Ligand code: 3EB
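Below, in structure tokens: the form predicted alone, a single chain.
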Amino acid sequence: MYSIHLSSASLSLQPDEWKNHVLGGIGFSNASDTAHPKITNFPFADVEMPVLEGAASACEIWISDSSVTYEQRGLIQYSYDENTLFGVLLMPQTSALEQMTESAFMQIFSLLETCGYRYIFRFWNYLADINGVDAIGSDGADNDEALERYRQFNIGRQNAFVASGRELTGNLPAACALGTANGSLTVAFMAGRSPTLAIENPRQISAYQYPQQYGPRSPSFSRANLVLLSDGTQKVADTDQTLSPQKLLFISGTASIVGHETKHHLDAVAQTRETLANIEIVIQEANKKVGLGEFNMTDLLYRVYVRHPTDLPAIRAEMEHVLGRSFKAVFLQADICRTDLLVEIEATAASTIRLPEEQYA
């Protein structure tokens, strides 16, 4: 399995045979982009979020090496091969965000248990007005206890984790949660049949252990998730080596946070530098787990969420300074879960390592 980044126009030109191997994807575009096609033949999260550079739209598409089956269950459109399931849930605005979120995650957990893909690699969460405040209580009635929408989202998400008997600490999936100007709650997710390995950052308190100053419930995600896609090995033609199972590293939305506190208020460049330092530590921790050092900063595919488009040149320049000019990234305008954060970066790395055959004897 692998992912590619392309514009929606390029996506629409791909042959049907190629599309038959698509697990799913996430697309970003401005609401005014009339050329942005509506994808219906595979799970696709269509997120209203402006692309800041290049084409008017950007898509991340996940491709399977084998045949893919497409199905629908309730609000969830999903696809799967023998190892991996990709799904998208678009939750209409019918109740308070806390209840909507709990319902969305309960539906996802039920699907994964039923289908046998209970180990979640990654969640991508997008919700309107993430920093907005609603005077809505947990019973859906107006009251005097206003609560930021991201904090409502965290309550609903954790309620679903508890009700579904899932862990609240330790081996949690990678995730992000970003704000859009409009639109329903959109959740994309990827899961598999085999356990994954959560990665934490020693520079940061785990998100699920944040103090209550950040909300009544802590966010339910790990800093990254390491995925082994196959239990088998493949012989490398005309050599005495085997090809190890592919590994994927999903790095959660990462920001300028040390411990649990935001660093470098109002300084987009310093926040970018701190964020990249956090990602580097996560990669180092992942490499300690696999013991081979196959992941590195320059091979990542980055998605960069920028609060203020005017900060983009400075953020890009700092990334070039740290990563070199050839790094691969998509830059998007988005609201971030804390109002004092100016940039958030997530990333994905894929690695297939060749090892001496005797290591698999």
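Only a predicted model underlies this, so the values are computations on that prediction, with no experimental measurement involved. Residue indices: 1-based, along the sequence shown.
The discussion below concerns the form predicted in complex with the ligand, not included here.
Within 4.5 Å of any heavy atom of the ligand in the predicted complex lies no heavy atom of residue 79. Interface residue remark: residue 210 is counted as part of the site for the ligand in the predicted complex, having a heavy atom within 4.5 Å. When contacts are judged by a 4.5 Å heavy atom cut-off, residue 337 counts as touching the ligand in the predicted complex. Contact annotation for residue 253: at least one heavy atom lies within 4.5 Å of the ligand in the predicted complex.
Within 4.5 Å of the ligand in the predicted complex, a heavy atom is found for not a single one of 98, 147 and 217. Figure note: of the listed segments 67-75, 183-191, 151-159, 106-114, the one touching the ligand in the predicted complex, with heavy atoms no more than 4.5 Å away, is 151-159. Checking 172, 279, 257, 226 for any heavy atom within 4.5 Å of the ligand in the predicted complex turns up a single hit: 257. In summary, among the residues 89, 176, 248, 283, the only one with a non-hydrogen atom within 4.5 Å of the ligand in the predicted complex is 176. Residues of 183-202 placing a heavy atom within 4.5 Å of the ligand in the predicted complex: none.
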